[in-house]
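One chain comes next, on its own, written out as structure tokens in the form predicted alone.
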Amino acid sequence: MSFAVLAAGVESRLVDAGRTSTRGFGVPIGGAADRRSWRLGNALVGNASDALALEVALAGPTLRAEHAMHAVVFGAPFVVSTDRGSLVVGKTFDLEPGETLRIGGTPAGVRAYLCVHGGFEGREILGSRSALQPIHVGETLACAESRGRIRSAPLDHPSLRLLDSWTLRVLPGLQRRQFPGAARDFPPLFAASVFRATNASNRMGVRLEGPPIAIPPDEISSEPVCPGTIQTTRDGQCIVLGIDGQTIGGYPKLAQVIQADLDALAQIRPGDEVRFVSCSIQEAEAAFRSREAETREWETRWSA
């Protein structure tokens, strides 16, 4: 009972919530890079929010269903089709035994999630079933036989739209005051500039290109970092750490993307514009509570 992998895509991997208690051992969190899309995809097919799903990036896989199953692709607007015709991202569908599912490319964003009713099966490692490597041709992705109701998500909702220009809210990083010209605020070049994501971006982080920012003159010791940490390299360019980012770093930390905006890092394409805007701790907390409440409302509505 499974999907047979006929083509693997660019980087398709099984993900759940990741390894949330292993950073002290130097193991990144991992798991779904866009957690809201992963959770909402699972809700649409009636799963618990932590069910194992297949994350696809830029160009997806080709899979053959070995039995009947109920599924959805949720996230970036990938081109999706089966032997019977095209499918709509954000709308559930049923596959027949032997039917082929093709997930092509996407004109916006980077990642989406293939969720099947009951979730995929996977081996648990350090408290998570997230795979350590992408899928490969010839592999089988185990899941149970299923059927389900057809449901659709409101993809025209403002908070679900994907853009090619992103504004990320940030809090001060540990070394912000050490940057030249940043005694009271962020350096002018950071606060007023438009950056572009480069081709070197991946799950470890989004590498940006923009006006070089003068870095602190003094060396710093390596210290803990986390997803959303903005480090500035010796050439004055910024790297925003992603879900697979390292657990310690020695570059100065200029800023920290707030938790409510972390999912955006998973959808920033090479060439996309990125801006940063300062916010307060209170604003960051309010943004997280609002986003989480909206996500839970959709989960409750769709899983009923």
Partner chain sequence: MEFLPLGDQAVMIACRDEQEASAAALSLRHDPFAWQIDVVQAYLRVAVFYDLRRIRFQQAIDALRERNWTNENVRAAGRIHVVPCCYEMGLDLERIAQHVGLDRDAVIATHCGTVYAVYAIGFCPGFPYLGYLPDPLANVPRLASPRLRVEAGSVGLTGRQTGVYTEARPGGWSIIGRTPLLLCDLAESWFPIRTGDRVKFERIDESDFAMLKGERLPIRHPS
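Numbering follows the first chain given and starts at 1. Because the structure is a prediction, the values reported are computed rather than measured.
What comes next is about the form predicted together with its partner chain, which is not displayed.
- The closest non-hydrogen atom of residue 222 lies within 4.5 Å of its partner chain in the predicted complex.
- Contact check for residue 126: a heavy atom falls within 4.5 Å of its partner chain in the predicted complex.
- In the predicted complex, its partner chain sits within 4.5 Å of a heavy atom of residue 285.
- Residue contact check for residue 92: none of its heavy atoms lie within 4.5 Å of its partner chain in the predicted complex.
- Note on the partner interface in the predicted complex: the residue among 144, 189, 155, 171 having a heavy atom within 4.5 angstroms of its partner chain is 171.
- Think of it this way: in the predicted complex, its partner chain has a heavy atom of just one of 214, 200, 132, 194 within 4.5 Å, and the residue is 132.
- Only one segment in the set 40 to 48, 263 to 271, 23 to 31, 65 to 73 has residues whose heavy atoms sit within 4.5 Å of its partner chain in the predicted complex; it is 23 to 31.
- Here the marked residues 218, 252 and 278 all miss its partner chain in the predicted complex; none has a heavy atom within 4.5 angstroms.
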